[in-house]
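Heads up, the chain below is alone and in the form predicted on its own; it's given as structure tokens.
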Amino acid sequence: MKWSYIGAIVVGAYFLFPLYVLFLLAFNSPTITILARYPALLPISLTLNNLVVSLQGSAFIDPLVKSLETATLVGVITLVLAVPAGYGLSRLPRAIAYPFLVLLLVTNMMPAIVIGIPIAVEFIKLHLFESVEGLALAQTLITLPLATFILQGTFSSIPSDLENQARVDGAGLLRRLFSILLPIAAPGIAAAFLISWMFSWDEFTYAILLIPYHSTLPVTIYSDVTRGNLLAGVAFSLVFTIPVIVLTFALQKYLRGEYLAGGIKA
């Protein structure tokens, strides 16, 4: 048990260290971080000047709004498609459902750059290029298989006797779905939405291919960093992190193994 705690601490420190470095860059004087030969790893001279100067001299509101719109739209579209797909797969025999789930997940293994270019060509024809709606539809290709996988496991965990009893009482499919299944499956649905939202929030490849001129915040951060404006990139990164932290804490009770087990649990 002791080694488990040590392992958890080491893994936690490994994942939190980049955030700590981001904090140092944002709130320490540049003379002891990015301009120093040996950057300090301690908060020595905390200041807000880095953030104030960077945010005043850069336009990040529009990219931030586009990122919020895109991630939220991706979460909604994903649920609209994944809920019926997950429910349908949960009612199929495993011999049919599992190969289909594996096939869905295999599509996520394809590099985004490979399928992003033909999608961009088609979206130009459909007038979806350089639009939030087009970007959300493309990013749904990433989130839909995983959300379907999660919801298939969620619906499979609901006893079929509940649905059979409602069917005997005369409830149709839609009534069973909205009155019985969806309320019970709410934690899994929330988990699927959160995962989809977070996958879309920092997605980069589709954003730079499909909405390159007035893009989302990840592309804006990349542009600022590559132009040498590192402090602006740091400031944007902090702003970029806040919605993720807020949403994660708001829905953290759903981020548990039983809601994310998907088809493995069924």
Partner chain sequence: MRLTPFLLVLPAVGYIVAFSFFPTIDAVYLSFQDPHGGLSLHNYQELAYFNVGGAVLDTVLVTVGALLIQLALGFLVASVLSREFLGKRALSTITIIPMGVATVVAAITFSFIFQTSGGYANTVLHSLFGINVNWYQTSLSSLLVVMLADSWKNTPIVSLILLAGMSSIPRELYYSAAIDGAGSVRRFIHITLPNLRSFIGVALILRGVQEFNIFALPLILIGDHPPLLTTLVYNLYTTTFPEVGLALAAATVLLGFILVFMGVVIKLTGGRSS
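Positions refer to the first chain, counted from 1. Here the rigid core means the biggest group of C-alpha atoms that line up within 1.5 Å when the two forms are laid on top of each other. A quick note: this is a predicted structure, and the numbers were derived from the prediction, not measured.
The same protein also exists as the form predicted together with its partner chain; that form is not shown, yet it is the one meant from here on.
> Is residue 43 close to its partner chain in the model of the complex, meaning a heavy atom pair under 4.5 Å apart or at it?
Replying inline: Result no; residue 43 lies far from its partner chain in the model of the complex.
>> Whether residue 123 contacts its partner chain in the model of the complex should be assessed with a 4.5 Å heavy atom distance threshold; does it?
In response: Output for residue 123 is yes: heavy atoms within 4.5 Å of its partner chain.
> Is residue 87 a contact residue for its partner chain in the model of the complex, using a 4.5 Å heavy atom cut-off?
Replying inline: Yes, residue 87 sits close enough to its partner chain in the model of the complex that at least one of its heavy atoms falls within 4.5 Å.
>> Even though the partner isn't displayed, in the model of the complex is residue 168 close enough to its partner chain, meaning a heavy atom within 4.5 Å?
In response: Judged by the heavy-atom cut-off of 4.5 Å, residue 168 is well away from its partner chain in the model of the complex.
> Quick one: which residues from 224-246 get a non-hydrogen atom within 4.5 Å of its partner chain in the model of the complex?
Replying inline: In sequence order, 225, 230, 234, 237, 240, 241, 244, 245 come within 4.5 Å of the partner.
>> Core superposed first: is there a CA shift of 2 Å or greater at residue 247 between the shown form and the other one?
In response: It does, since the residue 247 C-alpha is displaced 2 Å or more between the shown form and the other one after the core fit.
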